[in-house]
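This document opens with one chain alone, in C-alpha cells, the form predicted alone.
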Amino acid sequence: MLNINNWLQSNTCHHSQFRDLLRLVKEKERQGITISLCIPTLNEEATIGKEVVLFKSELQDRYPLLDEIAVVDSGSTDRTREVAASFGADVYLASNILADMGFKRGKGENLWKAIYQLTGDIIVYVDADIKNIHPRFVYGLVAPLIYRSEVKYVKAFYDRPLTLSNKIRPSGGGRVTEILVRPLFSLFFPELTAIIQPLSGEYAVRREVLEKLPFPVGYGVETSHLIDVYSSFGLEAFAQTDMDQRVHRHQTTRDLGKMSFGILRTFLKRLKMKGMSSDLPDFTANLRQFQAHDEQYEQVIHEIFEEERPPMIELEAYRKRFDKKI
C-alpha cells in the first residue's frame, strides 16, 4: 500500500501555489490543452449569476484559462438558465443533450452529459451554490493537471462553515463524509482516506479518464468516481487542493439521510462489481424515515434509485463526435 503520508506531502496542494495565472495560461497554451467549466444547476438563480460573471471576467477575459463556461441544467423552475445566459454562459438543458438516451433527474446526469456536450481536454466541475465564489475554485483544480502529466483527477477540499439564519458557524460540514464515507473507505479502500473531502462538488478530470467512467445519476457519483479511478490507476492518479473555505447552504439531517442512502447503495454495488463481496443481496431502493404529527408517528418512504449511465466512450454518438475508438 502506498505511504499515505508521502502522498499527502507530494499530492496535496494549496491554491496559493497557483496564483500566477499568467504562467499557468502560458503552460496550458504551450501544451495545447483546452479546458471546459461545467456548472450543474437546479434552481440556483440566487448564486449562478455571480459565479458566471466572476469566472468569465477573470478566467476568460482577463486570463484565458477557460475555453468554455457552460451551465448544464436539470430543469430549473426559477430563472437560473436566463440569468446564466444573460451573463455569458453557454446554457444547456440536460434533457436536450443525447435526447435519445432519455433524461434521468440527478446531478450525476448533468455531469455525465457534459462530457458529450463540452469539448475540453479537461473538464472542471464547480457547484452552483458557492456563496464565496473565487477563481481559485477553478485554477486551483486545473493547475495540477497542467503541471503534472501523471495526475488525472483533482479534488477540492476546504473548511465548510454552515450558513444558518444569516449567521456563519465557525466550523462544521462534511458530515456524510465523516459519518459514512470515511468509515467505509477505512474498511475497504484505506488509501482513499487520504482524500480529505471525497464528496466535494469541485473537481477537475482529464477527458480520457471521464469518458471511461460509469456515472451514477444521483448522490453516489463522487464516491463511484474515486473507487473506479483508484481501481484503474491507484492513488498516484489523484491530487487535491486546499481552497481554504467554502460557504454554502445547509442541508437538513433528513436530506443528508437520503444522500447517505444513495451513496451506500452505490458503494455496495462497487464492492459486488469488484468481487470484494459476492454474497451481498439485491438492495431495496426504499429509504424509510419517520415524522411526527403531535403524538402520531408516520413512516415516510423515499424511493432512491442509484441508476448508472454507461461510460461515455461506449456511446457511438460520442465516439463519432470526438473521433474516438474503444
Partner chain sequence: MDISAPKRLLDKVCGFAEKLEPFREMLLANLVMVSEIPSPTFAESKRIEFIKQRFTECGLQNCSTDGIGNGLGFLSGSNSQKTILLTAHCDTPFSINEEHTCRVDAGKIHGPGVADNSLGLATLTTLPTILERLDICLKNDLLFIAAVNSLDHGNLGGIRFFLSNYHKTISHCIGIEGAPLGRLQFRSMASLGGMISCNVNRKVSEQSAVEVINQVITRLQAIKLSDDTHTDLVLGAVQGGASYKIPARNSFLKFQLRSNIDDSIQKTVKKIDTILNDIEQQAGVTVSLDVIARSKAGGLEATHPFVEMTRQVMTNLEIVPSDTIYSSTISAYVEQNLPAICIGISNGENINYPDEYIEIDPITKGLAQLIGVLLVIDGELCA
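Owing to the predicted nature of the structure, the values given are computational and were not obtained by experimental measurement. Positions refer to the first chain, counted from 1.
Another form, the form predicted together with its partner chain, is not on view; read the next lines as being about it.
Although the partner is absent here, residue 193 is not a contact residue: none of its heavy atoms lies within 4.5 angstroms of its partner chain in the predicted complex. Taking non-hydrogen atoms only, residue 272 never approaches its partner chain to within 4.5 angstroms in the predicted complex. Using a 4.5 Å cutoff between non-hydrogen atoms, residue 53 counts as a contact of its partner chain in the predicted complex.
Although the partner is absent here, residue 58 is a contact residue: one of its heavy atoms lies within 4.5 angstroms of its partner chain in the predicted complex. Of the stretches 77-85, 111-119, 183-191, 151-159, only 77-85 has residues with a heavy atom within 4.5 Å of its partner chain in the predicted complex. Shown without its partner, this chain lists 33, 276, 46, 285 as candidates; in the predicted complex, only 46 has a non-hydrogen atom within 4.5 angstroms of its partner chain. Proximity to its partner chain in the predicted complex, taken as a non-hydrogen atom within 4.5 angstroms, holds for one residue of 135, 214, 201, 144, which is 135.
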